[in-house]
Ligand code: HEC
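Quick heads-up: it's one chain on its own, the form predicted on its own, in structure tokens.
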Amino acid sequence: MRQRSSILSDQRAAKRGLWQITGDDVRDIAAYVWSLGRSDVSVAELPGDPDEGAALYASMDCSSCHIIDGAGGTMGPVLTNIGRLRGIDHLREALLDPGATLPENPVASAAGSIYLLVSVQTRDGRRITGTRVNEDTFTIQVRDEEDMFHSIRKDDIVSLQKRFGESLMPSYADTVNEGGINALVAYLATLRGGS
């Protein structure tokens, strides 16, 4: 009798749709998805020397676009805890092909990447290229290459080109050797927001 009720229970569970998952199921799924981009690598597993990477980061003036511990520019993503949020493979890809995977906007109402490269031409002849900060039905906000903020009404736009797969950040595939890339990845992997 006990075996039959177990079989019936399994059959009912198999027939449940995703809309019927429990709160515990949702938490488990969310934890799994969150873990996909995270990395808890040890120093022994780092691909290069983090100190060399820190020196290279400084010499390449990466802080003109990225913030670490409150210091730096605002053009690119904050990197204070990037090593806690992203794995080594993601960090390497970001250096070699920056437009491949753009960070998502943490504000749910502004879904989509806040670093999507866009080119805008307005009715009055302005041409603006930069990263999309926000977009809604009526406006788009763009931060240009000079770090200037533009809010443009869509009815004033002649042309709006969303340049998926591109980034204002250059690729370092041809300018930094493999050892340098490994060192930068190692340095970025150690950035864990003081934890």
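None of these values were measured; they are calculated from a predicted model. Note that residue numbering follows the sequence shown and begins at 1.
The form predicted in complex with the ligand is left out here; the points below concern that form.
Relative to the ligand in the predicted bound form, residues Leu91, Pro98 and Leu188 are all within 4.5 Å by at least one heavy atom.
Among the residues Cys62, Leu46, Ile140, Ile157, the one placing a heavy atom within 4.5 Å of the ligand in the predicted bound form is Cys62. Shown without its partner, this chain lists Ile67, Ala54, Leu168, Ile128 as candidates; in the predicted bound form, only Leu168 has a non-hydrogen atom within 4.5 angstroms of the ligand.
The closest non-hydrogen atom of Ile82 lies within 4.5 Å of the ligand in the predicted bound form.
Interface membership of Leu184, defined by any non-hydrogen atom within 4.5 Å of the ligand in the predicted bound form, is confirmed. None of the heavy atoms of Val118 is located within 4.5 Å of the ligand in the predicted bound form. Though the partner is left out of this view, Gly72 does not reach within 4.5 Å of the ligand in the predicted bound form, counting heavy atoms only.
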